[in-house]
Ligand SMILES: C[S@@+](CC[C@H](N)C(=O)[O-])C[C@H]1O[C@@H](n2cnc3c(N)ncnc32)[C@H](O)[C@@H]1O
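Presented as structure tokens, the chain that follows is alone, the form predicted on its own.
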């Protein structure tokens, strides 16, 4: 059995947006399924579901030897199948079980490292014990509500708040910009928050009638922070150009009237990498492609005092990208 460090990083691509990833990382040294081996990036890389930060190759003789070697390194591993599927499944069966069952929100995820691995030939594993995503394979599934919310957009909000290890508490004042038809407002009201939902389009009637919800028919981006006043959380899932969103958020940051932010950065055609990097440069914040995102990224920034649980982990998933 031989374990050898592998230079660079391995990027787990997002289905349908592989081209965006390749534009970010440049030339690949190798490619297995949706795993791309490239250089360790010196600038943030956004269009991925996970990055393997300390990759290695593991040459082994038997299935039990392969599983034993992974178990010695750490407990939690998630297979990304790319080839030799039956043999990979036999190795996986000998590893400690990692639950991928649908989660109930709110959920405080564990803090143990989550590694990734794949089988590239019958006797070679490529893996990494250290990854950027705490979710198995970079994805999380929630137990969905099929009747309450007017859309499935709330799932990306749940995912973002889970990564932040923070969410609004009862009676927290929240602004939901671009709220229609009300998926995020629905999720926030269910937490007991006081939500000002702003959009030129109407909320669904049942969302508008939920406890703590106030609807304001307006273009949110023409409202100044002083027009709203102090709030605990600002949320935005509005369709707008990324630069316009950034300018609006700059005004909120300068005002000091809000401590916590979750905003979808919607791409209009080609990805606006410059603006995504500007968001990522804001202290104590992160820009990620959530597993529930489409052609968009999500920017998150939270006050450390909001962190749920007693893990001691930072409430914002600041990714170790070597930048």
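Keep in mind that what you see is a predicted model, and the values were worked out from it rather than measured. Residue numbers count along the first chain shown, from 1.
Unshown form predicted together with this ligand; subsequent notes refer to it.
Next on the checklist: Would all three of 162, 277 and 306 be in contact with this ligand in the model of the complex, where contact means some heavy atom lies within 4.5 Å?
Outcome noted: No, because 162, 277 and 306 lack any heavy atom that approaches this ligand to within 4.5 Å in the model of the complex.
**Asked** residue 81 near this ligand in the model of the complex, any heavy atom under 4.5 Å?
**Response** Contact check for residue 81: no, nothing within 4.5 Å of this ligand in the model of the complex.
| query | Using heavy atoms and a 4.5 Å limit, would one call residue 183 a contact residue for this ligand in the model of the complex? | reply | Yes.
**Item:** Contact label in the model of the complex: residue 131 to this ligand, heavy atom within 4.5 Å
**Value:** Looking in the model of the complex, residue contacts with this ligand do not include residue 131, since no heavy atom lies within 4.5 Å.
* Asked: So in the model of the complex, does residue 188 come within 4.5 Å of this ligand, heavy atom to heavy atom?
  -> It does not: once this ligand is placed as it appears in the model of the complex, residue 188 has no heavy atom within 4.5 Å of it.
For this session: Answer with one of 234, 119, 179, 195: the residue that has a non-hydrogen atom within 4.5 Å of this ligand in the model of the complex.
Result: Answer to the contact question: 179.
With this ligand left out of view, choose which of 151, 74, 100, 124 has a non-hydrogen atom within 4.5 angstroms of it in the model of the complex.
That would be 151.
Check your understanding: With the partner removed from view, which of 164-172, 211-219, 138-146, 88-96 is the stretch that lies within 4.5 Å of this ligand in the model of the complex, judged by heavy atom distances?
Key -> Result for this chain: 211-219.
Review point. What are the residues of 221-252, in order along the chain, with a heavy atom within 4.5 Å of this ligand in the model of the complex?
Key: Heavy-atom contacts within 4.5 Å come from 221, 237, 238, 239, 244.
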